[in-house]
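In the form predicted alone, a lone chain appears below as structure tokens.
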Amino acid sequence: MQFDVLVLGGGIVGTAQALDLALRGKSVGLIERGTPGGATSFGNAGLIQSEAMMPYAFPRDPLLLLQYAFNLKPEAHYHLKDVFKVAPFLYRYFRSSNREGQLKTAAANFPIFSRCLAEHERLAKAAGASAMLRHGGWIKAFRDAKHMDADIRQTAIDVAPFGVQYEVLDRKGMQAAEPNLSDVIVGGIKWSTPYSLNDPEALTLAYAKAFEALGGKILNGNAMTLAQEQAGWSVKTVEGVASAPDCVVALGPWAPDLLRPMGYKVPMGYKRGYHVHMRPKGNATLNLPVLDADVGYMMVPMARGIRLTSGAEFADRDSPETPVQIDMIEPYAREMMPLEGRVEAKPWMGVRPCMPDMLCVMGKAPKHKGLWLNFGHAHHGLTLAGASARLLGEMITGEAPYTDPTPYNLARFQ
């Protein structure tokens, strides 16, 4: 089977990339072991965050770090047995999280985050899925007034260079926005511009369906069989060998497994995350996604119920699941909103692929002709899927890229 481009990985990033290339007239084979959107892209907060240029930084507060060390905070958890495996990434992450590093990453993020809404609008329109993009934004809610005041001051500093708009809500404003939240919440910050989804998997599947309607092929194969050929690249699939002059690696947390034997250093770390859906009690509703900022989890109105998403778990990618954070946050969620039991017996787990500078990897592979990279989006795979797809699509087809791709090149770690 001969294509113009192979795309390895059917998460939201890879599926958006395949759709973008098909819209550009390319014949594309999308290689995925299961169903598109069924791995990390299945479970997230469903946010397309146009405001989130400033990266999540490694904390510097000694008291907070001590609490993390003893796994006392639900927003972060780690496996003691994996300490030596995750330590090199955490050290680089810590070094990159100084103010200079944060501002450097934010500046590089600005062009792609600025395009994230428009590019999802473009792809969703092509997929007949525009109605899935829920307007209204999301709310960062606070239980502690002092914490809220400090966060408002820092937010004003962080977003000033980028012209991001937000609204500060007092207790009365919070009650107007979310009447079913309890008065444990003293106020919040509302980001009105971002979109949210009530079923992230459904958007990925819609993009996959549109891709197939344009002639694209979704093939069941193992990306680790990728081989360089005289005329490009080939992958073994259930349907046969698929070949193309160009190949995009969009494997998220599995990208290092493929690239390491090819001579690339990919200093990726993993922030594992969990979610569970809760049934709202009676007629209680949640209008927008709400971050409980003082505890460190998110409540999101989803098709399956109110989704509780955990903070980060630092562990080896393939270590056994330990959803203790869900157990820790559930009492706080019940305190904040009337909730009944869980919808699922077992929480879901996914793996966020993070680079030390919290900046994704996109562009040409430095050592191989026709090999392209699109991974490492950390907390923002859904957010940046469309903007990343457009940038790489323009590069592959020889068009002028809408922004300089240099900051995202893997060569920065080589």
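Treat the numbers as computed from the prediction; the structure is a model and nothing was measured. Numbering starts at 1 and runs along the sequence shown.
The form predicted in complex with a small molecule is left out here; the points below concern that form.
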property: Non-hydrogen atom within 4.5 Å of the small molecule in the predicted bound form for each of 83, 256 and 356; result: no
property: Residue stretch of 144-152, 338-346, 162-170, 243-251 approaching the small molecule in the predicted bound form, non-hydrogen atom distance within 4.5 Å; result: 243-251
property: Proximity to the small molecule in the predicted bound form, single hit among 221, 216, 137, 269 (heavy atom within 4.5 Å); result: 221
property: Contact assignment for the small molecule in the predicted bound form, among 74, 273, 187, 194, heavy atom within 4.5 Å; result: 273
property: Residue contact check: residue 59 to the small molecule in the predicted bound form, 4.5 Å heavy atom; result: no
property: is_contact(residue 29, the small molecule) in the predicted bound form, heavy atom dist at most 4.5 Å; result: no
property: Interface membership of residue 33, the small molecule in the predicted bound form, 4.5 Å heavy atom rule; result: yes
property: 4.5 Å heavy atom contact, residue 55 to the small molecule in the predicted bound form; result: no
